[in-house]
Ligand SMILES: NC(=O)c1ccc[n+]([C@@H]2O[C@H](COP(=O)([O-])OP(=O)(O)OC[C@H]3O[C@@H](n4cnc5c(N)ncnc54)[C@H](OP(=O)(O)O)[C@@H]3O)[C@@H](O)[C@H]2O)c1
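One chain follows as structure tokens, the form predicted on its own.
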């Protein structure tokens, strides 16, 4: 694994840090002795995690309760990190909405667009500029294996993750000249709160969060995109060989079996 503190500096910023993949990023980066800025809406969970990490690893942890769907969230975040040299950013926050697209509340779909796309864009731009000026840094974009094809009954969610994938993949090349590493992590089904929030049944064979996060941390600086897990790699590879109409049909049938509300 990369020596993160020497390579990127003292501070890492993690969105969606109150659960799942975000919490695991916090734990693994704390073990690398990085100081952390933890961002999520749930203050109590962030405080509990911060206490755990400070006691276990002797690091500094700054808790920033924040709703990334709010129009001016970056103003708060900019103030909270003004005196910190953020060298590594994990754009992890996101959620899914399942069901027939036209039957879902538009407000919820727009909230997902803000959290999954608008917020990562703003954060990547804000801290990417600082990293470029310092001639070093790292950016981790968290996408999904659904980014590689259309997924009926989660059509908009898959589209938001495709946005993250393509943004990260382009920035991987664009930011190299500034000494900034960019990687996009594409997990498959993972043992997180995702299915509860999206109102779908948990997918069978979900991966634990630890190897998913490890794949991203091992891959940064080496590859633009990492798909965690052999089964997920096989699924992504199969989308390259399958006509898009067929792939979308198969995905739609799978989602009908998994969904409680689709």
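Numbering follows the first chain given and starts at 1. In this text, all values refer to a predicted model and were calculated from it rather than measured experimentally.
The same protein also exists as the form predicted in complex with the ligand; that form is not shown, yet it is the one meant from here on.
Contact with the ligand in the model of the complex, judged as any non-hydrogen atom within 4.5 angstroms, is confined among 155-163, 78-86, 132-140, 172-180 to 155-163. Using a 4.5 angstroms threshold between heavy atoms, residue 150 stays clear of the ligand in the model of the complex. Taking the partner from elsewhere, residue 95 is found to have a heavy atom lying within 4.5 Å of the ligand in the model of the complex. Using a 4.5 angstroms limit between non-hydrogen atoms, residue 227 is distant from the ligand in the model of the complex. With a 4.5 Å cutoff on heavy atoms, residue 9 does not count as touching the ligand in the model of the complex; it lies far away. Although the ligand is omitted here, in the model of the complex all of 42, 68 and 115 have a heavy atom within 4.5 Å of it.
Contact annotation for 167-192: residues with any non-hydrogen atom within 4.5 angstroms of the ligand in the model of the complex are 187, 188, 189, 190, 192, listed in sequence order.
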